[in-house]
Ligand SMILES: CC(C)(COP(=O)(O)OP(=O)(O)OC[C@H]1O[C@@H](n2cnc3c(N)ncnc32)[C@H](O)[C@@H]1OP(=O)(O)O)[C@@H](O)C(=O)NCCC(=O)NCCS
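Below, in C-alpha cells: the form predicted alone, a single chain.
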C-alpha cells in the first residue's frame, strides 16, 4: 500500500512491490515525468525512468519498477519554464545557479568577469515561476591560424540548479544558446564538456581535431553553426583572460 505521497510526488511502500504505473494528482496529461530512486534521507537518488503523464494523471512505465519494502521513488514532473536572454536584474540569480550547480564560486566568478570584460556574446537563462533555474553563457574564443584569426565562441559555463538537473533544462538551454549565436552571425562554438551530452547538439571531437588548446581528448569538442564553418581551419584557440585559472 502507498504509505504517503508528499507534494513532490514521493512514494514509499510497506512491502516489496512491482510498479507498472502510478498516479500523479493535478498533473496535466502529456507532461514529461522523471522518476528517481529514493535515497535513505528522502532525497532524489539515481535515475530510474522517464515517462509522460497520461489521461487521468496516470503514468504508464515502459518497464515496471521493482521497489523493496520501506523504500520508494520520487516522480518529478518536468518544470514549466521559459528560456530568454539574460537581463541586468538576473545577475544575482545567475550567480546563485552557477554557485550551487558547481558547488563553489569559481564558475560564478568567471561569468561575472566575462560579463564585465565585454567578452559575452550570448547569455541565456531558464526561468520558472520568477526564479532563475538554469544559465548558459557563450563568449569570445578566437582561433589563431597561419592565415589570421577566425572568430569562434566558447560555451562555458552551462549550469542548472541541482533540484532541476536531469529534467531537461540543460537540453533546452544548449540549443537555445546555439540558435541565439547563429542568429547573431557566429559560426563556430567550442566546448569542454561531457562527451555523452554535447554530441546530440552537433558537437564533435572530430571537428576540434585541428584546433590546439590546453585541452584534448573526447571532451574537447567543436560545433559548426554554419555547415562547413570549420573546413580548412587549423590553429590555436585563445581563451580570454578570465579563463586564466583553467588554462
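As the structure is a computational prediction, the values presented were derived from the model and not from experiment. Positions refer to the first chain, counted from 1.
Keep in mind that the form predicted in complex with the named molecule is missing from the display, and what follows is about it.
- Note on the partner interface in the predicted complex: the residue among 194, 46, 68, 184 having a heavy atom within 4.5 angstroms of the named molecule is 194.
- In terms of contact with the named molecule in the predicted complex, the residue from 76, 101, 124, 154 that brings a heavy atom within 4.5 Å is 101.
- Residues of just one listed stretch (114 to 122, 68 to 76, 140 to 148, 155 to 163) have heavy atoms within 4.5 Å of the named molecule in the predicted complex: 155 to 163.
- Although the named molecule is omitted here, in the predicted complex none of 95, 106 and 239 has a heavy atom within 4.5 Å of it.
- Put simply, residue 50 is close to the named molecule in the predicted complex: some heavy atom of it is within 4.5 Å.
- Interface membership of residue 198, defined by any non-hydrogen atom within 4.5 Å of the named molecule in the predicted complex, is confirmed.
- Taking the partner from elsewhere, residue 110 is found to have every heavy atom lying beyond 4.5 Å of the named molecule in the predicted complex.
- Using a 4.5 Å cutoff between non-hydrogen atoms, residue 177 does not count as a contact of the named molecule in the predicted complex.
- For the partner-free chain shown, 166, 167, 168, 169, 170, 171 of 166 to 184 come within 4.5 angstroms of the named molecule in the predicted complex, judged by any non-hydrogen atom.
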